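Read on for two forms of one protein chain; each stands alone as structure tokens, with the labels structure 1 and structure 2.
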Structure 1
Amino acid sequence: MTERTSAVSLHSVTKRFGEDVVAVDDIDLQIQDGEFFSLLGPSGCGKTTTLRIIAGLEFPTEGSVRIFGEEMGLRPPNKRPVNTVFQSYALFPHMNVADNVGFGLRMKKVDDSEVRRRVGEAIDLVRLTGLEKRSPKELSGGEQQRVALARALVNQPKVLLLDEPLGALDLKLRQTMQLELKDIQHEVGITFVYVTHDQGEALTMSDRIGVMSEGRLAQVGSAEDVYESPQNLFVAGFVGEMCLLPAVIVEPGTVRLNGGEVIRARTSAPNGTPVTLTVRPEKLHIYSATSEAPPGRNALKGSIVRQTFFGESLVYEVQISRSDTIEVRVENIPSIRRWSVGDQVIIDFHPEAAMAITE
């Protein structure tokens, strides 16, 4: 994890627009060679600005950017060993597919036969063979996206930057492209820095994720780290669905909820600390109030106040105390028992599924 081997290394990078707007706030980040790294966050969190700083399309107000150990300083984008896939694709409408893909090589004065060969390879890589002479206007959204990808990859950048490249595609195509992007990354073996606001996309594709909020990195870690052990309430709330319950730590590994129930959870703060207990809706089970909960697990009594049908699953909202409700996601399988509003139930979950976050 030394600076030298990092593909991209940001050191105390801050970007201000005007006097008041801080788009990126003192970010430190090392992205490893060959890694698929996602910057995940809501719109306006500074993820795209961070990407543009790496690309050289913006310069940081403070801090430094290194790419494979080389200080970038005020080096313009055309002199950096990175290429970008833009959100709008930014294909040149007055050039056909082959000319779009070959643009970078021509600017680098690569000779003609070489350009033709590499453009052909890149077009094969993104499976657009046969569409070389088409104009971007004549392509579907998915095809345009592939052209943008080929146009960047053909230059063999050391780092590929992708700014919400799948944002404009419909769900089905997006899922196909996610897998394809991952395959292409394996094939070319270069570092991908991927900006997205879609947490599902980040979780499925990334080796590591940097969750951003208000210009800062809220957490950096593997998809599992970020999902299973969110370090703060922002990450807990933004990545996936999460039930949040106010609680107080009574002793290590045990918390008391508002309603007085004492349950076991992952804790690290000292006794008496007010915390928020987080638990994923899919890690909860519902039993009838008359049945016995399995030993060694947490059990909370409550009554069903709402049910929502999602197709592949159902979500029940359960009132567990006067002030708190909790959501339970149940897979929609034939053997499942359906509950109705008003049913008295017991919610049960493993102590490991509940995590207390101090904030």
Structure 2
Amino acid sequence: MTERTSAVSLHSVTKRFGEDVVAVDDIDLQIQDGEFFSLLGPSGCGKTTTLRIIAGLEFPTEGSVRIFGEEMGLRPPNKRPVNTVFQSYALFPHMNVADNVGFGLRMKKVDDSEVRRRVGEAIDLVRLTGLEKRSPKELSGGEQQRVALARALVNQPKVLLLDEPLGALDLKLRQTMQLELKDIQHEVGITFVYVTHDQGEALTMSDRIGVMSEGRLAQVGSAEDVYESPQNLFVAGFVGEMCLLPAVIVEPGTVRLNGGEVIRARTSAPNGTPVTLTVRPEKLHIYSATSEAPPGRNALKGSIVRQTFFGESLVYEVQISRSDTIEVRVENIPSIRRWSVGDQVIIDFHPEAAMAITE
């Protein structure tokens, strides 16, 4: 991917507020045409500022922004081939759905017949057909979100920017809208740049994810790469649930935990390097201490110190040494044994499920 073929290209972009606050710190990023790309990170990491720089709502202190190879410079938002959907939908309360969706076109003095055609297409795309005459107050939160999306898409932007647009919705509606947004993006085929602090949203919808921390990109990759192979401890701890255990490399592909247990794991660090062993709770299996783990797998002995019920799953916290505990997540199905606090158990996992990280 090059700057010429990218939908969005950021080169050495830095944004300072005053002398002391660096919101975005020397970012290089290329987003492909037709890609659903998410900027993921905690509050204050710089993801929304990065989106606003692409939109032209902020200008970089240093660096350049190109959209389809064209330098944006100080070009204002209405002169860029983008539209933005915010968490606050900002619908006009005195206008019905159709008028809200077509407002931007009318401001551009688009012909009335063209406005009607494009508004109808946009409303159909977001599955609001039949609600054209309703006012925003007569709509649910999810329907209002769809109106805001249609209002942005009706302008046929080359890039759609979305700043936590599902944040105001309840959990079930948010999960439904995640799938619908991905379907709509596939249907229209344009580039979506999506900002969120919700790891589940990013993993569910994205072709690629840029994980941000303190104004920098900590890792950029596919959802699977970011989840399965985090490049640093920040990404390992932020994206999904992760068990983190201090360890030391004893030989290639092998680490020793605090309790003396020797574990095989993915690692390329030299012998003697302090590392953190990472493994996802759902990749662990739990057995009675009288059982034997299958051959070729890592095994740890311990005792149950806490059990937590999550409905679809149960999480057991297992003490494996004086200083270390590890969490095991198991499905809540009738055939799975329930464990109690105090039970002595063995945890096993495949060496490929464990990764030793040096930073």
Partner chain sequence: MTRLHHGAAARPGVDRSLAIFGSLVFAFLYLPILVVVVFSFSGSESVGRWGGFSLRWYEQMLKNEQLLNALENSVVVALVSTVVATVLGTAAALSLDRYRRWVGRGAFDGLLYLPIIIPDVTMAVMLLLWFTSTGVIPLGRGSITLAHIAFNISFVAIVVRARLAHMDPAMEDAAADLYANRWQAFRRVTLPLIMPGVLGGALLALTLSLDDVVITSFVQGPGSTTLPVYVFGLIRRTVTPVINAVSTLMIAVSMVLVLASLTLQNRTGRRTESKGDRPMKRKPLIEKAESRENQQ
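For numbering, take structure 1's sequence and count from 1. If you superpose the two forms and keep the largest set of C-alpha atoms that fall within 1.5 Å, you have the rigid core. This one's a predicted model, so the numbers in the text were calculated from it and none came from an experiment.
- Between structures 1 and 2, only structure 1 derives from the form predicted in complex with the partner chain.
- Relative to the superposed rigid core, residue 79 undergoes a CA displacement smaller than 2 Å between structures 1 and 2.
- Here residue 131 counts as shifted, since its C-alpha moves by at least 2 Å between structures 1 and 2 after the core is aligned.
- Once both forms are overlaid on the rigid core, the distance between the two CA positions of residue 262 between structures 1 and 2 is under 2 angstroms.
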